[in-house]
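Just the one chain here, the form predicted on its own, laid out as structure tokens.
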């Protein structure tokens, strides 16, 4: 009698989804970044076939540089989207960081590094303000950060014109601390025929650290939880407010890092830059597997999405195609990625 009861129990356990062993194909489908990886392989093969300069090893550095310029911001934007929020001020925040470091150092005669640190405090403050205002007002992050976008855009243009008389900052290349700061934020590394900008290193490090935090640390569980259901997460003790404000501050930190590269790469910053870049960051994250509804996504996938952007942007030029079609390509990629991500997730959840 005991054996008769035990055997069906084992059979039921074997059929239980919680203990069943899934095939490699199913496990791969459940990864958010699988779609972007396939897309990156297809685009790489396409431009290898149709664009001769794309095959030049020396151009790898140029392609990776374009990808890193997007990837540094796509990583924190992806984390924020997994946490269920958006930041439409991310693009102009990069410009704000570069402008503030330059204007503060120039107008007050400070060492460049002082301007850099003050710009970091400002960038983190903007991120914290976005998060605080989100909870204070209860408004969607789309509206909160859209307001911040317009405020920063206006301040960037107005303050720069007020202090310099034009729309760009002064050249700070002859100021104290510039050389060492440029070595940190604007240097490059030669690896044989390939020259890599320092932003590529920062992009890779940010991706590795963010992926580790998201998948191996408690904070990562909190991010998924607040993005999936903030009320349920709060009920089980997840610090929802601190987690989301921290994510906005992470966007601010990476905006500062990108802004410092912008400043020390070109010695000056145009106050009108950055407008529209926030959508490119979001597109990279969505291509990488992030759902617009939150609670699902991958920072590795977002970086692959940035790589797709870098390959496509230069691949179109290398192939001699009309670059006017690039934005149309981004729109198509966004729609396809959203549809594919939802479809694959549903199929994987059923298996």
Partner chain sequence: MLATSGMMALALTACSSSGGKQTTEAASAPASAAGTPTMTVAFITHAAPGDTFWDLVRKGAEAAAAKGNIKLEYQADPDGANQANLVQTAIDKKVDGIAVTLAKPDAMKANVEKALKGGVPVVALNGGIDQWKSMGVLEYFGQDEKIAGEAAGARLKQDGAKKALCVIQEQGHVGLEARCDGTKASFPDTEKIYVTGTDMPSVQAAITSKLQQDSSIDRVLTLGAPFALTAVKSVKDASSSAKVVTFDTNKELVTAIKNGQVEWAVDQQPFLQGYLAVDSLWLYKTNGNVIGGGQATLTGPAFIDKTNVAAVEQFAASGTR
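Just so we're on the same page, rigid core means the largest C-alpha set that superposes within 1.5 Å between forms. What you see is a predicted model, and the numbers here were worked out from it, not measured in a lab. Positions refer to the first chain, counted from 1.
In what follows, reference is made to the form predicted in complex with the partner chain, a form of this protein that is not presented.
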property: Joint contact, 221, 228 and 346 to the partner chain in the predicted bound form, by non-hydrogen atom at 4.5 Å; result: no
property: Per-stretch contact check against the partner chain in the predicted bound form, the hit in 123-131, 208-216, 160-168, 231-239 (non-hydrogen atom, 4.5 angstroms); result: 160-168
property: Listed residue that, although the partner chain is not shown, lies within 4.5 Å of it in the predicted bound form (heavy atoms), from 144, 97, 262, 254; result: 262
property: Selected contact from 194, 114, 204, 151, since only one has a non-hydrogen atom within 4.5 angstroms of the partner chain in the predicted bound form; result: 114
property: Distance check, residue 40 to the partner chain in the predicted bound form, heavy atom within 4.5 Å; result: no
property: Partner contact for residue 283 in the predicted bound form: the partner chain, 4.5 angstroms, heavy atom; result: no
property: Contact label in the predicted bound form: residue 47 to the partner chain, heavy atom within 4.5 Å; result: no
property: Contact test in the predicted bound form: residue 274 vs the partner chain, heavy atoms, 4.5 Å; result: yes
property: Members of 86-117 lying within 4.5 angstroms of the partner chain, judged by heavy atom, in the predicted bound form; result: 106, 107, 108, 109, 110, 111, 113, 114, 117
property: Post core alignment: residue 293 C-alpha displaced by 2 Å or more between the shown form and the other one; result: no
property: C-alpha of residue 326 moved at least 2 Å between the shown form and the other one on rigid core; result: yes
property: Pair residue 330/residue 314, Cα separation in the predicted bound form versus the displayed form, closer or farther by 3 angstroms or more; result: closer
property: Pairwise C-alpha change, residue 330 versus residue 89, in the predicted bound form against this form - closer or farther, 3 angstroms or more; result: farther
